[in-house]
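Just one chain follows, in the form predicted alone, and it is written as structure tokens.
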């Protein structure tokens, strides 16, 4: 596989000009100041009232002046770290540095061998955590499935425990109940070694969504408040859909995504100034035949790339969405849709591309083999982000002079020195001659991926220390082992 590439600076792809960014920014402020947004949490409205916001209580509409908006944004950290249990898995968010991770809350899991899907279970989530732990180009585990067999009041603790107990990578996840948030934080403190240790090295982060268009849901807003008070890193993503919950145009979608996600950013900085908050986008386009959600459109990639530029303008860490497919099988559509959106997000400098691996079928289904295939796609994407290094060493004039006309470079020390770092070596792609491919069974990509899935899961031996597990199981209710 060669060297591991992560945290490389993107930003070579700029779908928005500086004038475009300024125009979007001014319109964002105009929307917040003149139109406002609906805040359905009474506690959240009280926090906004502290800033001198104009509040229409009858319609639950909050409007903020431009200066207040910018003052609150300035309180949010421009950079911070999401920590892994192992330091090699730390992720330094900010600027245009690029990392990738899983995502979604998929209900189903797909088996390419049978071409069938079924409801996902807690055991599936544990396997995914082990698998992601062994895939170098996936830098973070965002808990990607919903355990169908568990009641909602057990979902949060079991999802986070499954992640923490099966990989040393940072664990991020959506949350469903206020009690779940409290218990997950207690669990993470036990793993980290205490409350202060967790604040210094947050090994977990949480997601609480903003709603499109222009709305803070009561439940999610109350969860944002609870997470911000605890000082846990928080993502506030919005999911405007072209023509449905945002204007049909990509520019209109970027505008709506910016306003909607900033709602959450603003609230966190009123509740607890300095809360590590991530400006987030799940924005995408719609199928113009019936306005349903699309996960693999090129417009999704463009919207998230443009939103990355807006995040860089506001100096906020950015959570983009790419890498999904609307395909129901591991076919060519699955490959090109995942590759295009991941590439656009990465080249634009998205700090964390979530959903970048494993998801298919409108983000409703995960596939173990797709994680492995997407790991290769992401390796190629990160190689593209790295770009072309032009130095005396890479131009190799002296070597060319030494080899001369009609020579070759096969045996040179320069070739051996750079062969692994300069070229990405995929794990799933077949680069054999047809005769050799036939002789080895003529396997297609998902069949080769299945072999790797089994090897990685079976070889994974990561788990929390036994005393930590005993403490967690004795003090946190509802965990299924």
Partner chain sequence: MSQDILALIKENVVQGRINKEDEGMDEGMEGTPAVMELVQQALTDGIDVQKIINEGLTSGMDIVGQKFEEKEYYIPDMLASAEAVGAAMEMLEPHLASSGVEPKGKILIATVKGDLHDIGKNIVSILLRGAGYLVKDLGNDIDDQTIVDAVKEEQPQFLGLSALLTSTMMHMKDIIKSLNDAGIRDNVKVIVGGAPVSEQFANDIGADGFGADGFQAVSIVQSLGS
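Residue numbers count along the first chain shown, from 1. What you see is a predicted model; the values in this text were computed from it and never measured.
The form predicted in complex with its partner chain exists for this protein as well; it is not shown, and the discussion that follows is about that form.
- Of the candidate stretches 240 to 248, 178 to 186, 352 to 360, 269 to 277, only 240 to 248 contains residues with a heavy atom within 4.5 Å of its partner chain in the model of the complex.
- Only one of the listed residues (396, 291, 380, 298) places a non-hydrogen atom within 4.5 angstroms of its partner chain in the model of the complex, and that residue is 291.
- The contact with its partner chain in the model of the complex, taken as any heavy atom within 4.5 Å, belongs to 108 out of 314, 108, 99, 371.
- In the model of the complex, no heavy atom of residue 390 sits within 4.5 Å of its partner chain.
- In the model of the complex, residue 220 approaches its partner chain with a heavy atom inside 4.5 Å.
- Within 4.5 Å of any heavy atom of its partner chain in the model of the complex lies no heavy atom of residue 195.
- In the model of the complex, its partner chain sits within 4.5 Å of a heavy atom of residue 364.
- Relative to its partner chain in the model of the complex, residues 340, 419 and 423 are all farther than 4.5 Å at every heavy atom.
- Contact annotation for 111 to 148: a single residue, 146, has a non-hydrogen atom within 4.5 angstroms of its partner chain in the model of the complex.
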